[in-house]
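Take a look at this one chain, the form predicted on its own, written out in C-alpha cells.
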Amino acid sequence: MDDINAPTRRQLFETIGKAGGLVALYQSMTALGHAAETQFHGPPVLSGAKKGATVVVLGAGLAGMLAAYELAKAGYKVQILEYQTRAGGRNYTLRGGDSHTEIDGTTQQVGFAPGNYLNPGPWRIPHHHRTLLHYCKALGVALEPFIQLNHNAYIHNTDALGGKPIRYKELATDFKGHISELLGKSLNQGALDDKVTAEDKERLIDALRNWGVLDKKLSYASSLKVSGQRGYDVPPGGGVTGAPTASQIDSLHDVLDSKVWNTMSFYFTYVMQTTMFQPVGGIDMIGKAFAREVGQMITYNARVSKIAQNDQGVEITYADNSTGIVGTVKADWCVCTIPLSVLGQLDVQVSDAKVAAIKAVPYSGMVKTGLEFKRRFWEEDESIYGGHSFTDQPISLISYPNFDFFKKSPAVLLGAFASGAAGYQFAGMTPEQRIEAALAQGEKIHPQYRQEFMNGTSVAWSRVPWTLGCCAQWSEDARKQHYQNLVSMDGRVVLAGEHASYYGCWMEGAMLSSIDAITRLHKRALEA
C-alpha cells in the first residue's frame, strides 16, 4: 500500500534543491531518470599510469584543463602551455578594469561598475550538459538559473506591425490561436477526414479549442479568456474599477509578418530548452575553478609554433610572448586543444589526413556587445526580468541580466549577439562604431537607451588573436570526410576541444572531447 504521507517527486526535488543547491538538484534528477540527455557517464576512470609518464597539454581552456586534471590524478606528470596570461580560453568574463586587445592592437578598456560583467563567449549551461554540471559540482562552482524564455520580452521585426516591438506573449498566443482556428475549422468541414479517424478528429478539435483559446464556433477572437494568455488592455484590479478589459488580437497577416514562429521554434531547440544555468559572478568561475586545481602546471605567455613527434615522444617549440625567448617541452604524449583556426597555421608533425582535417573547418565570426546603463529600465519600466528580446536587425537580440533583480544601480545587458554576415559586418567596425550600432538598433526596442546609456564594450571573435573566430563550423560534407581523421590519435598526439565533438560551440562539447581523447591516450600509453 502506498504511503500517503510520502513526498511527491516534485516535493522531493524541491527539498533537494533547497538543501544542496541547483547542481545537487540536477544530479538527483539524473539519478532518478530525468535529464539524462548526454553521452557523459561520469569522469574518466584512468588508473595504472606508467611511472614517470609525461603529457604536455597545449591550451588552458576547459578541454585542456580537464585533461590535465584527470591525467594528473591518474599519475601522469602534466605540463600545460597557454598562450594567454590567464586560464579559461573562451570561458572568460570581462569586468570593470579589464582590457581587451584585438589582432590589430586596438584595445578597449572595460568601464563597467563593480559586480557587472559581460561573458564574451559561453554564457549559459543547458540542463542536459551533464559533463559541465558534474565538474561545476566537483569543483565547487556555484550556479544560478539562466532565464531563457520570457513571455514579457519583445519580438521586433522592422517590416511588421509598423516596426513596433511586440511582447512575445501577444504574438505567440495570436499565432497558435489563428493556426488552431484554421486547422479546427478544416477538421470540422471534413477536409482532413482521409488523414484522421473520427475519434482522433474529435480529440484534435477539443485540443485545438483549448490550446488555441477558441470560442464555441472554433474562432479565435478577442476575449478576456484570450487576454489571460496574451495580456489585457486593462489588467484585472480590485474594488470598483477592478474589471479587466480584453486586448485586441493581431490579424493573421500581421502575425505572419512578425515571423514569431522563429522565436517559438528557437525555444524548442535541444540546447535552448529550459532549464538553464549560469555560474554566479560570471562564466569564468568555471575556468578559475579548474585553474585552482591545475594552475601549478601552467606555463603562461607561451606561444606554440611547432609540434614535433617521433616513436619516443613529442617536442613542443614555443616562445615567451613577453621576452621572445624560445623554449621547448618534451613529453611522452601531447593533448592539443589549440583552436583549428590557429593550429592550421603552425608547424604540426602529423599525417597529411589530419593536416587536411585541421584546415577543413572554418570558424564563425560572432560579435558580442555589452552595454551598461544607469538603471535597470527594462525591469522598472517594462517588467522584463531576464530572458531575451529578438529582432531582425543585425544585433539579433537583447539579453537581460539574470541576477541582481530590482537592484538600484547600473546594470549590463547583452546589446548585440551578431552572427553570420552580421557578425562580420560588426567585426569590420571600430569598437566605438559597434557600440553606436548597438544603441541605434536597440533603441528601436527600448527608447530609453540613449538617456540611460553609460558605456560599453564589444568582442569580435574573428579579431581575437588567440582563436581567430568563435567556434568551429563543421559542414556536413566536411564532417563526413575529415572528422574521424581529426579526432583520431596520430602517433603520440591527440586533439581535443569543441571542434573535436558533435557539440560544437558548447563547453560540453569541449569537455566530452577531452574525456574521449585522454581515455584513448591512456589506453595507448598502457599498450606502449
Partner chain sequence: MNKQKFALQTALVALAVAGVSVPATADAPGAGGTQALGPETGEQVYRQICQACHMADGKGASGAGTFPALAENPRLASPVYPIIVVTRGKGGMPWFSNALSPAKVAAVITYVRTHFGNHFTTPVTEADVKKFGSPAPVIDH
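If you're wondering where the values come from, they're calculated on a predicted model, not measured in any experiment. Positions refer to the first chain, counted from 1.
The next section is about a form of this same protein that is not shown, the form predicted together with its partner chain.
Between 244 to 252, 363 to 371, 130 to 138, 290 to 298, the stretch whose residues reach within 4.5 angstroms of its partner chain in the predicted complex through a non-hydrogen atom is 363 to 371. For the options Leu397, Ala72, Ala160, Ile205, the residue carrying a heavy atom within 4.5 angstroms of its partner chain in the predicted complex is Leu397.
This chain is displayed alone, yet in the predicted complex one of Met272, Val326, Leu224, Val280 has a heavy atom within 4.5 Å of its partner chain; that residue is Met272. In the predicted complex, its partner chain sits beyond 4.5 Å of every heavy atom of Val487. When its partner chain is considered in the predicted complex, His41 lies well away from it, no heavy atom lying within 4.5 Å. In the predicted complex, its partner chain lies within 4.5 Å of some heavy atom of Ile103. Within this chain, Arg479 lines the site of its partner chain in the predicted complex, having a heavy atom no more than 4.5 Å away. Contact check for Arg303, Ala427 and Tyr502: all three have a heavy atom within 4.5 Å of its partner chain in the predicted complex. Along 385 to 406, these residues reach a heavy atom to within 4.5 Å of its partner chain in the predicted complex: Phe390, Thr391, Asp392, Gln393, Pro394, Ser396, Leu397.
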